[in-house]
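First, one chain by itself in structure tokens, the form predicted alone.
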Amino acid sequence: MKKLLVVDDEVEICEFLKAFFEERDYEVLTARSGPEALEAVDNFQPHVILLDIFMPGGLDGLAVLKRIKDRYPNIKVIMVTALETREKIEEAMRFGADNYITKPLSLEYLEKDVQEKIEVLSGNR
């Protein structure tokens, strides 16, 4: 089964994306903080992660991205941000992000991008 981890400090976004992707036959886990995300990656081993750049609590999305890519370079990470700041986006790409999208989310684009990442991992592309 296709496994997706959604990391966002906004519970509504987590719940919405979880429901959206579960309807499309994904197994979805959510996390609301950096430490929770890292634990979820270790235990859940997702194929793709939707990771918010800006999260409170001292461990933002960029720090989480760096740790994930250091340990699991094959996991595909799509950064999600409400603020499109070139500096943060460039930093995310240097740390190994596979893409970034801005809020408000285009669900059609997001679904297509996640599916493409899954296909790359499974060798169907």
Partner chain sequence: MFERRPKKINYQTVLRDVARSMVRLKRPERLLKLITRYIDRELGLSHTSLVVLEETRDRFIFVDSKGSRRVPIGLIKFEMNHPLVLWFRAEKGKELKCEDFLQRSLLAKGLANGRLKMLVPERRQLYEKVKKAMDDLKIELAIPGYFKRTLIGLLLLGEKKDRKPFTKSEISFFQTLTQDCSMAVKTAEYHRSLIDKNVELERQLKEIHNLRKKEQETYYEIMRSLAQEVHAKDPLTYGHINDVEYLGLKTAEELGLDLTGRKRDILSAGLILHDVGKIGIPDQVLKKPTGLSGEEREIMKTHVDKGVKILEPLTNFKEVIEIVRTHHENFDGSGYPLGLKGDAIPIEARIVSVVDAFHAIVTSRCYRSNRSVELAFDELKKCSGTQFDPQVVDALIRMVHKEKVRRGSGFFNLFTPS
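Just so it is clear, the model here is predicted, and its values are computed rather than measured. Positions refer to the first chain, counted from 1.
Heads up, the form predicted in complex with the partner chain isn't pictured, but that's what we're talking about next.
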{"query": "4.5 angstroms heavy atom contact with the partner chain in the predicted bound form for Asp25", "finding": "no"}
{"query": "4.5 angstroms heavy atom contact with the partner chain in the predicted bound form for Val114", "finding": "no"}
{"query": "In the predicted bound form, residues of 92 to 115 near the partner chain [heavy atom within 4.5 Å]", "finding": "Lys103, Pro104, Leu105, Ser106, Leu107, Glu108, Glu111"}
